[in-house]
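The chain below stands alone and is given in structure tokens; this is the form predicted on its own.
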Amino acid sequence: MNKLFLYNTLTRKKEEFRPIKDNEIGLYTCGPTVYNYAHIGNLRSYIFADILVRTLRYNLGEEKVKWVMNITDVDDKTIRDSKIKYPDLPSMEALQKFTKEYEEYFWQDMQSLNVKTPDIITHATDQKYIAGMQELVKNIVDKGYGYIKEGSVYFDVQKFAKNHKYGNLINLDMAGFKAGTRVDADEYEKENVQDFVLWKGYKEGEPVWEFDLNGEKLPGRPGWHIECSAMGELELGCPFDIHTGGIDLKFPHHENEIAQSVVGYNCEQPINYWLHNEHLLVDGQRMGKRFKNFYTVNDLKAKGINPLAYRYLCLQTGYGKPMNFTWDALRAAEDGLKHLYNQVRELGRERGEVDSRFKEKFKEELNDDLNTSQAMAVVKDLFKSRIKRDNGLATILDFDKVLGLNLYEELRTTYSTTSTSTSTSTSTSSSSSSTTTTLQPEDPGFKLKELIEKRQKARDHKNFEESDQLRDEIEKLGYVVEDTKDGQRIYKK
């Protein structure tokens, strides 16, 4: 493996990545709270995590990375909004029905952005993880770092800070902390240091799980922070290698994860590398639901924009830098993506071999803290080089294992749609003439194939007026026609 360097939020410096085990890398990503559609600011976090996973696998092999992502399907917001949408259902049934709907929307977005499915997806409401959370809470209380108050269990931050460093991720100053102050909410303002809730006592109308804590009955449900600590440990152990998430999760969520795991699992450094992506801005302002300036994947689709254009846009900016979103920037990214697709098509279908020099340069940029903007510059250099004639296709498809822009699928779809029998000249290049496709009249590509064949016959008979008319009809279907010495070249706009 080439040396991989990552910026570690915990140490505030770029470090060489050294996995705990030789044969497996454990990586945990804070997944969505499924109470609404994910906006593209949220989705930047998952594109970043996907690029990280792909880079690790590109270096080490597919089987070496174990990627875990959680689904937060119980917290203040999911309970609140499920009761609003399904007021007549029992609270647990309403919660499950509500969160399942939004989780399905989330995975549809992941598919649209070509984010790989994690190896393990955990749900906070799964009884396996509820039991793990309760065990973790018990360990914390037994060690004297948790206490019961009015049916809930809280983490004693002041006691923890006396014996351990609290606030590593944001270099927090504990001077302003007031002993005995508590917060019952799952989320609270940054740097508002208080004892946080581990287990929330039952409130009327909320889902409830039974909890016997050392003989005391504490019906209720888990706090938000405890969920990730327990699910990460149950699936990856303690310590594990990498934890990712948006920069807004550094405090209090991730800081509290560390504190819980240090005490509850007797693990002084639960995670070796913390990686956080920066905010997405909209016209220079923070994006978020509360600011009412957020956009979803469906908003992109409604404007006729390929969601992968957003992925392409994200590749232009390093994950650790704020990224400013504008519609003009997205449309420019879509133009760039279309141009890349066209360049790939022009390489033909002969793959050749991956060029080692370009691959090493591509890896070098990726392994410098996922420097995707410079990796994309290597892609541009590839298309300017003479290498592309022989090994260009194999090399760019190899790069796409990390870029995730669906280059092979785009190439395959275009060729399978436009291929015809070898008796005509309408294949996109002579090397593709052996590929044939049998289409039925009801198939979407049938009309296109028919028009292509008619146009070729018109050209063969030098009927250029009919040929131009058929070109217009083909373009109305969303395809561009180029006439070359090898015949017609057809590709999507």
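In this text the structure is predicted, and so the values were computed from the model without any measurement. In case it trips you up, residue 1 is the first one in the sequence shown, and so on.
FYI, the form predicted in complex with a small molecule isn't displayed, but the following is about it.
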Full three-residue contact with the small molecule in the predicted complex, heavy atom 4.5 Å, for 32, 249 and 287 = yes
remark   = Partner-free chain; cross-checking the small molecule in the predicted complex, the single residue of 137, 280, 193, 94 with a heavy atom within 4.5 Å is 280
query = Among 66, 39, 454, 57, which has any heavy atom within 4.5 Å of the small molecule in the predicted complex?
reply = 39
ask   = Based on heavy atom distances of at most 4.5 Å to the small molecule in the predicted complex, which listed stretch, 153-161, 351-359, 382-390, 241-249, is the contact stretch?
value = 241-249
